[in-house]
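Before any questions on binding or motion, here is one chain by itself as structure tokens, the form predicted alone.
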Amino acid sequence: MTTELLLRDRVAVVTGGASGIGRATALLLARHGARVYAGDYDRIAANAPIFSEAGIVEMECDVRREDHVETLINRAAATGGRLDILVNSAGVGLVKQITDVTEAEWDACLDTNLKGVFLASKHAIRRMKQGAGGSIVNIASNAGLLPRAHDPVYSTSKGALVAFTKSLALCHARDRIRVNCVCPGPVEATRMMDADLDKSPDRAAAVQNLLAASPLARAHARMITPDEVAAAVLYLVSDAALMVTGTAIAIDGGKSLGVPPR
């Protein structure tokens, strides 16, 4: 069966592209015809043959550094002759109460989750305005949609990211640039999730607690996969979503709906 190439000849940048949601997104966009440039601060050697076969260009990129971000965006736009898609997937977690958070931890979380999106969007929008417009998708979190007691700084970064998404969508609709975000959780097989679970004294129990808070995840007895989040990103960057901007799509098994029934 031949897959319809929804993104034929389009150029895409994915930050945080070495693992988890970013990796799944980079591979899916490439399978649909996009020329993908995947940036990450910590490239994974095992990706090299897979990315090469998919035509994905890997680059070192710490999204907290403007020179890294600008180089990634400019190389994609120059080599591909245009920039159509930006997926801001780079992110870090911070599970800690505010009284225990250091200034350095605050800076690292906000700089990665929010400043990194600002820097990438700033340089991508400049390129997109020179062409026919484009699409930006920010990977936020259900933590940006409802309060969470265990990670106030992370939740702040993702709540601000949802607001930033909506503001940019308003600012740049006239430029035919669409800006949306997806709000996942709980997603398996990501660096962030694995790091949190590895800190738990009982990993299996920790997984069950995550499932219990998401009614659909509990009903299916599994967490969300990176591929399921990537599928939503594919929709948002495709022409099927040409009139969709400023949205925050929850891919969280119903977690952000409220307290699930027993």
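Given the structure is predicted, the values throughout are model-derived calculations rather than measurements. Just count from 1 along the sequence shown to find any residue number.
Keep in mind that the form predicted together with nicotinamide-adenine-dinucleotide is not shown, yet the notes after this line are about it.
Of the listed positions (Val92, Ala169, Val101, Leu114), a single one reaches within 4.5 angstroms of nicotinamide-adenine-dinucleotide by any non-hydrogen atom in the predicted bound form, namely Val92. Contact with nicotinamide-adenine-dinucleotide in the predicted bound form, defined as any heavy atom within 4.5 Å, is confined among 233-241, 213-221, 192-200, 28-36 to 192-200. Taking the partner from elsewhere, Glu70 is found to have every heavy atom lying beyond 4.5 Å of nicotinamide-adenine-dinucleotide in the predicted bound form. Among residues of the shown chain, Ile125 is not one whose heavy atoms approach nicotinamide-adenine-dinucleotide to within 4.5 Å in the predicted bound form.
In the predicted bound form, none of the heavy atoms of Ala12 sits within 4.5 Å of a heavy atom of nicotinamide-adenine-dinucleotide. Interface membership of Leu86, defined by any non-hydrogen atom within 4.5 Å of nicotinamide-adenine-dinucleotide in the predicted bound form, is ruled out. In the predicted bound form, not one residue of 220-250 has a heavy atom within 4.5 Å of nicotinamide-adenine-dinucleotide.
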